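Presented as structure tokens, the chain that follows is alone, the form predicted alone.
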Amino acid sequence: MLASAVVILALVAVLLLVPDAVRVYATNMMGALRAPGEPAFVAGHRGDRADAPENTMPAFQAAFASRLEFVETDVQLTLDGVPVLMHDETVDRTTDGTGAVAELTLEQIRALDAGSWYAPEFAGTRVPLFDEFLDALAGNRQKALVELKGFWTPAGVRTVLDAIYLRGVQNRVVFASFNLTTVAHLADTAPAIPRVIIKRDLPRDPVGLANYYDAIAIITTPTSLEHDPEAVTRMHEAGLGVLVYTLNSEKRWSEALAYGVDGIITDKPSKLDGWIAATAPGT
């Protein structure tokens, strides 16, 4: 009861005491929008997958120990409504179990081995709770790009929102989703937390899409930008950001920076961070 009261009071303070709290801009979270060739921020895809199994605490600990600005993760709800970190709809690929996340209880998921598939030294690694990720985030300086997988109801959004506010990290979290209904629920339920839309293929009017859902940015693919090379310019003119995923080679990184993207999501965050530092203008 006390924890719930704290969350409610925090939300009231955000929405009432800070009148402009629901107006979140891309630059608040991403810094100045980039010009072509300028360094983009780096987001570790599911942690640092180069050093540990994806979406596990070892992968996030490696990312938090680095110079990265953002750490990206995926959240789903278990059958009993507990948020856990898992990219796929099923646990089959990254654990020793089978079945859909939404059809397994927390107890069943926590009993799984989420590390042996990656390397023997990670045997016994568990699927993390979203709470565990937030605890680690609270103790570090990075920002979190939190993708809500699939469709989320307002009640589900409130579950993760409560956990975020309880730890006081609401100013370092950005929500993301492919599902536009989920994005709409985020806008209604968590207006003070910035949100981004993930679109594998950019629409003809990405600015209109972002503005309709009050999103601060769109995450897309390099191929999509190749088909519409002026999209980044139009987004930036509207004060909106552009991120690309998931780029793992110097060739792709160089192409992305040439467009002036603001962030790059990668499976090799430490390598990309070092490459940007070595190739940035003036270094």
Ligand code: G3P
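Throughout, we count residues from 1 along the sequence that is shown. What you see is a predicted model; the values in this text were computed from it and never measured.
The form predicted in complex with the named molecule exists for this protein as well; it is not shown, and the discussion that follows is about that form.
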>> Considering non-hydrogen atoms and a 4.5 Å limit, which listed residue (A63, V42, I219, V232) is close to the named molecule in the predicted complex?
In response: I219
>> Between R195, K143, H185, K149, only one gets a heavy atom within 4.5 angstroms of the named molecule in the predicted complex; which residue is that?
In response: K149
> Is R110 a contact residue for the named molecule in the predicted complex, using a 4.5 Å heavy atom cut-off?
Replying inline: no
> Can you check whether Y213 is within 4.5 Å of the named molecule in the predicted complex, heavy atom basis?
Replying inline: no
> With the partner left out of view, is Y245 within 4.5 angstroms of the named molecule in the predicted complex by any non-hydrogen atom?
Replying inline: yes
>> My question is simply whether R46 lines the interface with the named molecule in the predicted complex - judged by any non-hydrogen atom within 4.5 Å.
In response: yes
> Of the listed stretches (69 to 77, 98 to 106, 163 to 171, 130 to 138), which one has a non-hydrogen atom within 4.5 Å of the named molecule in the predicted complex?
Replying inline: 69 to 77
>> With the named molecule taken in the predicted complex, which residues across 82 to 106 come within 4.5 angstroms through any non-hydrogen atom?
In response: H87
